[in-house]
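Before any questions on how it binds or moves, here is one chain, the form predicted on its own, in structure tokens.
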């Protein structure tokens, strides 16, 4: 009886957790598919009676959110690629070359110090710097700021991946007559590709969801990102619930689809080098 009761309680807890976490997402999708008449009726419905994609069409094309979506994609990909390139350039010497432990600790602690302060504490100085150098309301400003804030995560993730690749594989390539660059390009990069992809997807998710810097450092749709545009649907006179729900679905869908397609690499990258003891 005790085992049965435990199993029932476990299933009950899982069912409650499923409802708590999944139902808001389900209702978000349902709301985005409802008509205005059905949305504002007295008794809310859990299923759209006449499903329509009018909210998505209105959001992306009539209100110009397609440009904001493109901005978010460009900023996310650019900042992610730049962060990974800089992180790899930092991690390679401290993990593959004979570097003093004190220097290695200094570099890693310096990377962590970039995230000691919350974004709200540095957004005003960043705004002043960006405006002074003439990058206000421009996409490169977001790329630079996102790169700085996600560089520590990139460094620490790539450091863990590179440390698990034996140095002997590169030494074997050098013994066979290859140069250091050839060993790096032909041996190390293919072995580290899983970890690089995993780090890239996670960093991109952080870039995609960032709101504060994009809200402060942009002013027009030419450089505004998608989350900032969705926030603008809350106006002084009304809240456009259908369009907000459609925007929420789109904002969730892109990183979710990316994660689903690359989940095998993300899981392999996050568990890369794990030591299993019997």
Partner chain sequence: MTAGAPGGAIGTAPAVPPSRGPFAVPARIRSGWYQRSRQERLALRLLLPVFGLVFVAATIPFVLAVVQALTSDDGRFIGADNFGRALSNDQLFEAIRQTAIYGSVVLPTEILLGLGLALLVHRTVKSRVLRAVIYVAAMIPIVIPQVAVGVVFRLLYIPDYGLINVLLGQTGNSQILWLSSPPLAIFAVASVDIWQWTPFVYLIMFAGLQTVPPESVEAAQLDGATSWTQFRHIELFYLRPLLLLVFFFRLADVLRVFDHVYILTGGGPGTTTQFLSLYLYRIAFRFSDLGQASALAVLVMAFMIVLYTVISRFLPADTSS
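These numbers come from a predicted model, not from an experiment. Numbering follows the first chain given and starts at 1. Rigid core: the largest C-alpha set superposing within 1.5 Å between the two forms.
One more form of this protein exists, namely the form predicted together with its partner chain; it is left out here, but the text below deals with it.
Using a 4.5 angstroms limit between non-hydrogen atoms, residue 219 is distant from its partner chain in the model of the complex. In the model of the complex, its partner chain sits within 4.5 Å of a heavy atom belonging to residue 118. At least one heavy atom of residue 27 is located within 4.5 Å of its partner chain in the model of the complex. Using a 4.5 angstroms limit between non-hydrogen atoms, residue 48 is distant from its partner chain in the model of the complex. Taking a 4.5 Å heavy atom cutoff to its partner chain in the model of the complex, the contact residue among 175, 133, 167, 186 is 167. Taking a 4.5 Å heavy atom cutoff to its partner chain in the model of the complex, the contact residue among 191, 77, 86, 139 is 86. Contacts between stretch 94 to 117 and its partner chain, counted in the model of the complex as any heavy atom lying within 4.5 Å, involve 94, 95, 96, 97, 98, 99, 100, 101, 102, 103, 104, 105, 106, 107, 108, 109, 110, 112, 113, 114, 115, 116, 117, listed in sequence order. Core-aligned CA deviation for residue 70 between the shown form and the other one: less than 2 Å. The two forms, fitted on the rigid core, differ between the shown form and the other one by less than 2 Å at the CA of residue 220. When two forms of a protein are overlaid on their rigid core, residues whose CA moves 2 Å or more are considered shifted, and residue 259 is one of them between the shown form and the other one.
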